[in-house]
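Read the single chain below, which is given as structure tokens and is the form predicted on its own.
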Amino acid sequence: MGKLKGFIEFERTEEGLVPVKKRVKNYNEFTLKPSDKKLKEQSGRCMDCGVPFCHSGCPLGNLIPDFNDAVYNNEWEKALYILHSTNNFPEFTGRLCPAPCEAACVLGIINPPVSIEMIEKYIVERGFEEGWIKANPPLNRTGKKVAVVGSGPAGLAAAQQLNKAGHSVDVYERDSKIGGLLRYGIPDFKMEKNIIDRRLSILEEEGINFFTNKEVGKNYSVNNLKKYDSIVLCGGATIKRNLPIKGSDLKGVKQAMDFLKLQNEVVDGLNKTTEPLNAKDKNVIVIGGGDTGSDCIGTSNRQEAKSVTNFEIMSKPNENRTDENPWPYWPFKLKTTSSHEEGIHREWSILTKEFIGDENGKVKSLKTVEVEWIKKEGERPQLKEISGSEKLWPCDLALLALGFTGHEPDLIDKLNLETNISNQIVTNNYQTSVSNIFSAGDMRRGQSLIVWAISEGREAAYQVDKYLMGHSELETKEKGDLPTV
């Protein structure tokens, strides 16, 4: 613990934000770094809590009290070493993770929790600024070759860990650039893509080979993978959930991820126009209240939409925890993101019944009905439509942010892998039904968080290394390894 009673002396500090009117004029990141003094004070709020529940809240098992203590004592390089010992890419999680560690912070029982995610972000940013983050290629090679399919956070984490173990690693990506949803699903205003490129240059210097525009099982034959001693499938959950109602095939009813990817390509110079997926002067309705929906809201406002409305079928959450949702579990309470603050009308307990089109086959309005959730003890809540609550909403662009249902079966079938009812690859310690093929991330566990993807990539790499060599020296959360400083 850095400072005795620091949690009493200092208030929670968060990043500043560029004013809304200014930040919606571009796609740049808009957070403002607190002073080093404020960061030190915030790390000093970390309590001597005895049992750090933040460890259990973090899927990576980040050693949070340890790096907080180092920051408080101005030992930033030590803090970076501790952070990197469990997290390959804190510059990603420090920007994009919903911070389950903060939800589990003991201080959060009575006061606002420690700003763990913010501290994590500025530890790694300090590391890049000071030149502490450098390529660290293995001293020796094992002679084993591993193919990683998919270059999202799970694939990148698995690749770096396996390369660290001395294996030769090739990463295959179906898109034209590396990064998966980090590059094509996350708007630049949440993470500029030079953040990815900065880390990729280090991975390449460490000896990892990247191959783009190669979709294994389609334009790149699975037979080409036979030369590898092991394969790690990290292709994500890529089947977008549809809304099977009347009018869903109308022009202007689009998947959120198609909308976001196209705008990312425009910002990156890979595409010159977002037409017809441009929200300018349109009434936009985003269906789905999660992070992807929030990203669509921020993007629509930057494209100068006429109006932006967000539908969520669930009831409006409470602003605080309920008795059904106690600490240290993730709090299902009202979340207002920076994109919501930029301009949005939000509707809860609403069900979309029909998309209505004009004479040209283009959506012009939505028909909805209000709903309520009936709870009975021992049963799942039942959805009930409220009679007489039907309403029409003007709509020129409807964005479906409804999540994903799994990975396309084509590659899985060609590799003869066993799957479950949810279209996820069945594994035992990340090993599939084919002994030398492993899987990690959303392809294995279903749609989840970036921090889970990195954790899965690391754990899968450990199992692959053990499979190839009979043992592994790689760090893993399950082994409870601690860094030596």
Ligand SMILES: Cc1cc2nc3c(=O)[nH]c(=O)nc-3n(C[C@H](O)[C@H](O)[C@H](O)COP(=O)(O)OP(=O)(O)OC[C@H]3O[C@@H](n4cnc5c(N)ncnc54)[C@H](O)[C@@H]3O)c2cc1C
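Numbering starts at 1 and follows the sequence shown. Not measured: the values here are computed from a predicted model.
The next section is about a form of this same protein that is not shown, the form predicted together with the ligand.
Contact with the ligand in the model of the complex, defined as a heavy atom within 4.5 Å, holds for exactly one of D175, D268, E125, E77, namely D175.
Residue-level contacts in the model of the complex: of N87, S300, S151, S339, one residue has a heavy atom within 4.5 Å of the ligand, and it is S151. Using a 4.5 angstroms heavy atom cutoff to the ligand in the model of the complex, all of L181, L260 and T292 count as contacting. Though the partner is left out of this view, E215 does reach within 4.5 Å of the ligand in the model of the complex, counting heavy atoms only. When contacts are judged by a 4.5 Å heavy atom cut-off, I208 does not count as touching the ligand in the model of the complex.
Using a 4.5 Å cutoff between non-hydrogen atoms, G236 counts as a contact of the ligand in the model of the complex. In the model of the complex, at least one heavy atom of I450 sits within 4.5 Å of a heavy atom of the ligand. Only one segment in the set 280-288, 158-166, 96-104, 364-372 has residues whose heavy atoms sit within 4.5 Å of the ligand in the model of the complex; it is 96-104. Taking a 4.5 Å heavy atom cutoff to the ligand in the model of the complex, none of the residues in 112-128 make contact.
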